[in-house]
Ligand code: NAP
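So this first bit is one chain, no partners, the form predicted alone, shown in structure tokens.
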Amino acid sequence: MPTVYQKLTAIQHSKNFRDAVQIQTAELPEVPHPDEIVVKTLYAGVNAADLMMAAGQYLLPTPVPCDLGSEMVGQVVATGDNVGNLKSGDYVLINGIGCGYRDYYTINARRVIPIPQASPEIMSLSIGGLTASLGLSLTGEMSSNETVLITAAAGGTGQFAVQLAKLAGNKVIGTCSSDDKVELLRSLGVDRPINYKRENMREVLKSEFPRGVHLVFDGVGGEQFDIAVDHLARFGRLVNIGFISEYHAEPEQVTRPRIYYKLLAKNASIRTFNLNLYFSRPEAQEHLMRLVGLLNEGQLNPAIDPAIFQGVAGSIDAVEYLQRGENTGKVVVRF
């Protein structure tokens, strides 16, 4: 193994990701501690949360300096003396702030998930898949024969929400920002894709779904959140997982009647889902195993964006690519 490696670190908080980060060289321990393993990164996932971490506005504290990247698949290259369940050559899945955009990562062996092989598809299950699965079922109480609206449906999380909602027997509406993404959504089974740059989302929902939508899975926020609230059906539930429309600027200041004026008459509700609060709970492992099973059975087909980003330096380009909304599916950095 080398004695040094590269990693991406936020050295100041900034809304401009490139201004916030620096590629740093760090020492690689020659021998890991007894309970630790050293993992060589193979694939790292890109998430909108990276922007919030670099800006210092993430749900968890990210004081600088802060290593970036929050999910990866890698290969074990060294093990501590007390590690008995893993050996060099094994593949593992890792979640956690700072694990992704780096050549190597040293971690306690109990904090990784062994996987049979390394692939972008398996890695995409860890944040995008789990957020969709847990958020829809536990927070959204998704059933069948419902109308489900998913914003950013062609993204790394939205694509899983689409497929899981269809597997549950629901009608799915999905928003996206390009004709290419419309085609992806159709291939995933979306009943009504909405390219909000070409169509008026509010008018589509009003004319084609006059009874409203039963469940909304929203990661966009802003105007799409407002439109979704207005079109909730009786007993409708809106699950918010983020607000990428505001990640590049300061929070929008809104002056309007309080939200309960729109919810109470319909007995509708707004809920939120934060995956960080579930990683240590047994439900996360159960849902991940189900997702891996669906993947192996061919019932889940992760869309991996075809753009190639390589290594630590490529991570910066990859995050900016995601921020511009150019991705179709999960953005992956290859190492």
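Just so you know, these numbers come straight off a predicted model, no measurement behind them. Residue indices: 1-based, along the sequence shown.
The form predicted in complex with this ligand is left out here; the points below concern that form.
Q: Partner absent here, but in the predicted bound form, which of 100-108, 156-164, 260-268, 225-233 has residues with a heavy atom within 4.5 Å of this ligand?
A: Result for this chain: 156-164.
Q: Check for me whether this ligand, as it appears in the predicted bound form, comes within 4.5 angstroms of all of Q24, G56 and V312 - heavy atoms only.
A: Contact check failed for every one of Q24, G56 and V312.
Q: Would you kindly say which of L184, L134, I244, L205 lies with a heavy atom within 4.5 Å of this ligand in the predicted bound form?
A: In short, I244.
Q: Only one of C176, I94, L188, L238 gets a heavy atom within 4.5 Å of this ligand in the predicted bound form. Which one?
A: Only one listed residue qualifies here, and that residue is C176.
Q: So in the predicted bound form, does Y196 come within 4.5 Å of this ligand, heavy atom to heavy atom?
A: Yes, contact at 4.5 Å.
Q: Taking any heavy atom pair closer than or equal to 4.5 Å as contact, tell me whether N47 reaches this ligand in the predicted bound form.
A: Yes, contact at 4.5 Å.
Q: Might V216 be said to contact this ligand in the predicted bound form, defining contact as any heavy atom within 4.5 Å?
A: Judged by the heavy-atom cut-off of 4.5 Å, V216 is well away from this ligand in the predicted bound form.
Q: Does at least one non-hydrogen atom of V38 fall within 4.5 angstroms of this ligand in the predicted bound form?
A: Residue-level check for V38: no, no contact with this ligand.
Q: Looking at this ligand in the predicted bound form, which residues in 319-334 have at least one heavy atom within 4.5 Å of it?
A: L322, Q323, G325, N327, G329, in sequence order.
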